[in-house]
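One chain comes next, on its own, written out as structure tokens in the form predicted alone.
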Amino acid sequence: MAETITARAMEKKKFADFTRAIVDNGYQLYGPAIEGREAIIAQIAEQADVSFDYRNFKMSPKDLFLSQSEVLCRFCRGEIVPDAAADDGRRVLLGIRPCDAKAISLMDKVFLQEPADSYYKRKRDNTVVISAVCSSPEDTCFCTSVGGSPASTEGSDILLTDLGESYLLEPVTPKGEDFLNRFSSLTRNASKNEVREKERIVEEAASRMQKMDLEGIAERFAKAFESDLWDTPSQRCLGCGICTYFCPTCHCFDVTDETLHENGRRLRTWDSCMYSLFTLHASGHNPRPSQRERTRQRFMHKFSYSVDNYGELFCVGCGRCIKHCPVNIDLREVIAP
């Protein structure tokens, strides 16, 4: 019996037609754009010459699902008025790396557990995620140490691999398969050689990453709650929150009401456990009075509490917190056995 090949291939010369067809079919297309020396996620409104020649986006796509600031509702004289901006259309998120796609799957565990967060769920349901295999990891990347890989499919609907002259497109979910079927005229069946080439690219990329043994880290951190392990990083920490801002799985937020006369709105805005006001009680008491407790909280949340609550580490090894920390705190040095 012949082997069934579910992967599709697309010649690069057809990719501009693909992006144009996506927009013509009523999708909002978000993909890579270069700003200075950094790759960012930007909306692509028309036919675009898309390149995947970048390491990773400077910012994760977290903002597309949990906005930095969003209006939850408006109210007037006690009546709640739905916000007009709440009606999001269908979207395609193109070219994020597998670590960021996996981060979306972790965010799902938080916001889609019952009762599901309707704001997050609407955006998630309306988005097709096409992740791109990471062939050139940065020296701050360590996804293979936290259960990921350069070709992880968690959180993705379609996995794309740049093969040089063509792209390999592998559907991961029924949503991804249905999406590819809409544009089947632009693709063909992938050959076995193309699939093997993808496997070679992934194996080579994985071999270039630092590998740490994090077996039992949740239990180790739980036992180290009162340890001096937290002293060194906390003494250097500025409490700026950059690590949580760039992190694709940090999801703390604050909810505030703004009023003017009889009108008002309720806002949800990103917050950070690294800020001194984050746990400040109205009484003036703060259970995390110093940067030591706040630094400990961040690491415990990623590597211990998340395992207790969701059965998974909430770090995907993207390395952004290492790359952007202004005082060069290296998360890998803290979590290493």
Partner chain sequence: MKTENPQSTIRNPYIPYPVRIDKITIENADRDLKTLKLVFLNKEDEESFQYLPGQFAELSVFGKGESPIGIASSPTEQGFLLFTVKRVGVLTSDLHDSEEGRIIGVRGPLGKPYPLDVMEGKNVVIVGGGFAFTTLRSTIRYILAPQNRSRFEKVTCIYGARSPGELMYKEELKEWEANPDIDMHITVDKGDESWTGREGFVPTVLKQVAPSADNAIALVCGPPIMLKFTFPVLLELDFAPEMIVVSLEMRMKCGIGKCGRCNIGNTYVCKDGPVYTYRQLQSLPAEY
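Residue numbers count along the first chain shown, from 1. In this text, the rigid core denotes the largest set of C-alpha atoms whose superposition between the two forms falls within 1.5 Å. What you see is a predicted model, and the numbers here were worked out from it, not measured in a lab.
As for the form predicted together with its partner chain, it is not shown, yet the points below apply to it.
So which of P287, G311, G26, G36 reaches within 4.5 angstroms of its partner chain in the predicted complex, heavy atom to heavy atom? None of the other options qualify; the answer is P287.
Looking at L186, A224, I80, L238, which has any heavy atom no more than 4.5 Å from its partner chain in the predicted complex? Checked against the cut-off, the match is I80.
Although the partner isn't part of this model, could you tell me whether N193 comes within 4.5 Å of its partner chain in the predicted complex, counting any heavy atom of the residue? The answer is no: N193 has no heavy atom within 4.5 Å of its partner chain.
4.5 Å heavy atom contact, M212 and its partner chain in the predicted complex: Taking the distances in the predicted complex, the answer for M212 is no, it never comes within 4.5 Å of its partner chain.
Using the partner position in the predicted complex, report whether Q68 sits within 4.5 Å of its partner chain, counting heavy atoms only. Heavy-atom contact with its partner chain at 4.5 Å: absent for Q68.
Any of the heavy atoms of G216 lying within 4.5 Å of its partner chain in the predicted complex? Flag for G216 set to no.
Its partner chain isn't shown here, but in the predicted complex, which of 177-185, 125-133, 151-159, 104-112 has heavy atoms within 4.5 Å of it? One stretch meets the cut-off, namely 104-112.
Looking at its partner chain in the predicted complex, which residues in 295-309 have at least one heavy atom within 4.5 Å of it? In sequence order, R296, Q297, H301, Y305, D308, N309 come within 4.5 Å of the partner.
Post core alignment: C76 C-alpha displaced by 2 Å or more between this form and the one not shown: The answer is yes, as the C-alpha of C76 shifts between this form and the one not shown by 2 Å or more after core alignment.
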